[in-house]
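One chain follows as C-alpha cells, the form predicted alone.
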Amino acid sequence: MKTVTFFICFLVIAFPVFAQDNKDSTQMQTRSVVPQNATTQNATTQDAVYRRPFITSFANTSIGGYAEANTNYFVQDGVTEGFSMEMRRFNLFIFSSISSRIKLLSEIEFERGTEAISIETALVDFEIDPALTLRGGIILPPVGAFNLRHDSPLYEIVERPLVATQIIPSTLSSVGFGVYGRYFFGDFIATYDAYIVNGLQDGIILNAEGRTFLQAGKVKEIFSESNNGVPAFTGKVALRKRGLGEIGASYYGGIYNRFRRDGITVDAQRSLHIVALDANATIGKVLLQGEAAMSIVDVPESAGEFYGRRQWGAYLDAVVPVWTGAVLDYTAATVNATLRVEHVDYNVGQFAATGGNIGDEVTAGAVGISFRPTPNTVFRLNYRQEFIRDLLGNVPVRRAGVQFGFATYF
C-alpha cells in the first residue's frame, strides 16, 4: 500500500503541475533558478548530453567539463567519523561536429581523485531528420531523467537522489545503438528514445551489499561484451510544454544472469525490469522536479527473502529563488532555497512465515541554501537527515549531517 500511495502522490503532484499554463512568468524566473543551458523553452531531457555550456556552434571540436568538491560531517546514532573533504568528481567532455549531420560526444569521469576512472559516454549521432537520429557507442540509457541529466552544477543538493542511484543505478552507461527523435506541434515537443544495449550483469544478487543491488551489476565487462548474448532494451517517451515543463515515462529491461556456459544451459534466464516516471515544471518562482521508479528482479528461490524481488523509490525537489541581485562583477547572482524529500524500499513484500512487512528501506530529507554567481556555478550548503530501517523493521537508525561544496562547468 505504501508503494501505491507514494506513486499516486507523485502523479497527483506531477500532472496538475504539468497542466498549468504559466508561460510568461516561468520563462523569466527559471533563468535564475538553474543553469541557462538547461531551461530554454525547447530544451528537453533528451537534449541533456548536448545542453552543456562548453559546446558552441562555431567550433568543430570543443573541450569542457565540470568539477565538484564538498565537505562532509555526518553523525549516525551519536557516532561520527568527523570532518572530511573530497573532490568528488572531475569530468571532461569532448564534442566534435564532424559534419552537418554527424556529431560525437564523450565524457570521462575521474571520481574522488583517481579512485574510479570511467568513460560515461562516447557516442556518435547521425541525424537523418529531427524525427529520426541514429545513435551508437557508449550511451546513457534513457531510464528516468536523472541518468541523462546528472551533471552536478545543475542541482542545489550535494547528494544525488537515492532513487536515481539505488533503484536506477545512475550513472548507468552501456554500449548500444538505437534511434531517437522529436516532433513539434504548437507549444508542445514530443520526444522518443529506443536502444538495445549490453545489459546489467551478474552481481545484482549475491553481492557484498547482501541485498538486491542494481549498482553491483555495472561491471567493467559491460563495455566489451554481453555476459549472456541477450541484449537489453531501454526506451523513453516524453512530452514538454514550452515555458512550463516536461513529463516522461521510461523502461529498461533484459536478462541479467549468465544462463549458458560453453553452449550448456546452467540456469534459468532471469529478467530485470525498471519502469520510471519523471516530471519537472516551474510554477511562478518555484521549480519542481522529481522521479519515481520501480524495479522487478527475478531472484532465485534459493536466495530467500533477503534479496528483494521488487524495489521502488521516489524523490521530489523544490527550488525557490529568494534573492537576485548584483554581487562583485556579477549582475544577476542568485540565492536559492531548496527542499528535497525521498524514499527507497529495497525489498517490497512480507515475510512468508510471519506476514510482517520486510524492512530494508531509507527515508531521507534535505534542506539547502545555494548561491549562483552565474547559472553554471553553484556553492551549496545542505543539511541532510536519513532514517535507515533494517530488514526486520527495527527502530530506524538516524543519520544526519552537514555538507558544503561547489560545482561548476568549465
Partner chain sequence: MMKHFLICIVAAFLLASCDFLLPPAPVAEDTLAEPLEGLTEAQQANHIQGDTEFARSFGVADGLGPMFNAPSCESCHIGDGKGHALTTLIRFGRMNGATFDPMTAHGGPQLQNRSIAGYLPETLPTLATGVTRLLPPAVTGLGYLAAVSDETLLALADPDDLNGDGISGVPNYDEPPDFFEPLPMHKPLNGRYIGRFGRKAGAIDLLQQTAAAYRNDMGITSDFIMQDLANVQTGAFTGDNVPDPEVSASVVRNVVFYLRTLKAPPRRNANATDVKAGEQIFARIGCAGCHVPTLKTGASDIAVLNEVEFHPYTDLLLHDMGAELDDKYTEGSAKTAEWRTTPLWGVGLSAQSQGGAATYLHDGRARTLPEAIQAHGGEASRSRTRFNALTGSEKQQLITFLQSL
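Numbering follows the first chain given and starts at 1. None of the values given here were measured: they were computed from a predicted structure.
Form predicted together with its partner chain: not shown, discussed below.
Checking 146-154, 178-186, 264-272, 283-291 against its partner chain in the model of the complex, the stretch whose residues place heavy atoms within 4.5 Å of it is 264-272. The putative spot formed by L132, F213 and V237 is not touched by its partner chain in the model of the complex; no residue has a non-hydrogen atom within 4.5 angstroms of it.
Checked against its partner chain in the model of the complex, the residues V335, L92, M87, I138 give one hit for a heavy atom within 4.5 Å, which is V335.
Shown without its partner, this chain lists E127, E159, E305, E120 as candidates; in the model of the complex, only E305 has a non-hydrogen atom within 4.5 angstroms of its partner chain. Mapping the unseen interface onto this chain, G78 counts among the residues with a heavy atom inside 4.5 Å of its partner chain in the model of the complex.
Taking non-hydrogen atoms only, W323 approaches its partner chain to within 4.5 angstroms in the model of the complex. In the model of the complex, its partner chain lies within 4.5 Å of some heavy atom of N207.
Although the partner is absent here, A116 sits far enough away that none of its heavy atoms falls within 4.5 Å of its partner chain in the model of the complex. In the model of the complex, its partner chain lies within 4.5 angstroms of at least one heavy atom of each of the following residues of 390-410: D390, L391, L392, G393, N394, R398, R399, A400, G401, V402, in sequence order.
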